[in-house]
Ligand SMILES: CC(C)(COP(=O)(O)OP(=O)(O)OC[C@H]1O[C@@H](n2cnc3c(N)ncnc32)[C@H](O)[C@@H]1OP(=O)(O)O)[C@@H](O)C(=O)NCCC(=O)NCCS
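Below you'll find only one chain, the form predicted on its own, shown as structure tokens.
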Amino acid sequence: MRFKNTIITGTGSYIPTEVVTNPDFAGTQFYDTDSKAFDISHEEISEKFQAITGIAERRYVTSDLNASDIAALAAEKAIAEAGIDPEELDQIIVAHDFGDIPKGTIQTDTLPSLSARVKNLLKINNPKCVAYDLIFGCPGWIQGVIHADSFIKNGIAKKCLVIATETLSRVVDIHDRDSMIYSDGSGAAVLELAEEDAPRGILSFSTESYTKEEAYYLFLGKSYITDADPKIRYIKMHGRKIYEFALKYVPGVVKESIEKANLDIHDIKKIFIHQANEKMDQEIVKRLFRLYGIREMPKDIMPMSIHKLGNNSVATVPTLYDLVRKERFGDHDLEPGDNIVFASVGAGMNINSIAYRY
């Protein structure tokens, strides 16, 4: 029996060069939602922030780069590793939330789409290579991979490029403590059809969207300073609600993707989860294991890049995966035949998970 497998044949990432540490925020006055200045020291704010999120530093792009630029840089690496001619690509799917935001502005630019810009930057002439953007919150890259898998397994495409890119540093309110969470970056992957004797690559997926009460847990709002212009809006979130939502729903979605692949939690070597908040991610995975009656999760099952790279939204999962599979991330590694999971949660509110055999 032959299996039509969707496999990742190449990955790439762009990690910005500007390193911003927590002490770099010391000169910024933070305000609460009532526009009242916090009367505690930056040292105390930073200490509590790092204890919860795990973030010690993050990366920002230089002023000459936009989201589409770093998307193309990550894509070039993925294409080179896959060893394909870019003209052979059937789909270019670019996941993001804010488009290009030129340095010094707060206005997003999606005309033309980022995918069109990336295709232009890659100098692809083939009109049959369809490029489109995907807006799905932080789970956007995983959802793009699900799209690519569907195209490939239904005979619509043979080669797809899925990119995640974001420059969140340009949509943050510097007077909001949450601005310390966000960062910039891009990750990409080439997915191809492989007809093989055994199942490999994408084994299954699960996706859910909650919008009745949860749609505006992440939103655009005015700055927290008193005289802020209400017409200028920045990324805002209801952190506690997001935390509680993620713990309640994400473990079940991940478990469902594992079960759809006819696997057990003991079969999973690594879980690549969206780097949103270290404490939250750890609790999500702990609760996943508890669904299987296991009280303690393995210490090495969940690679974490958030300490150094922060939360760059759609780009966290593909960047982390790229680093691990290329042996540039501590003691974490992958071997052929390893079963792994990609999982994310974010604005929408959306959740998704993929079971993948390396």
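Since this is a predicted model, take the numbers as computed values, not measurements. So that there is no doubt, residue numbering starts at 1 and follows the sequence shown.
FYI, the form predicted in complex with the ligand isn't displayed, but the following is about it.
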Q.
Please tell me which of K48, R295, K36, R328 lies within 4.5 Å of the ligand in the predicted complex, judged by heavy atoms.
A. K48
Q | Candidate from H274, R170, K119, H96 lying within 4.5 Å of the ligand in the predicted complex - any heavy atom | A | H274
**Q.** 4.5 Å heavy atom contact, V345 to the ligand in the predicted complex
**A.** yes
Q. Quick one: is S305 in contact with the ligand in the predicted complex, heavy atoms, 4.5 Å cut-off?
A. no
Q) Hey, in the predicted complex, is L89 touching the ligand, heavy atoms inside 4.5 Å? A) no
Q.
Residue-level contact is defined here as any heavy atom of the residue lying within 4.5 Å of the ligand in the predicted complex; does D178 satisfy this criterion?
A. yes
Q) If contact means any heavy atom within 4.5 Å, which of 247-255, 203-211, 170-178, 73-81 contacts the ligand in the predicted complex? A) 170-178
Q: Report yes if all three of I52, M237 and R240 come within 4.5 Å of the ligand in the predicted complex by some heavy atom, otherwise no.
A: yes
Q) Which residues from 296-325 come close to the ligand in the predicted complex, meaning a heavy atom within 4.5 Å? A) N311
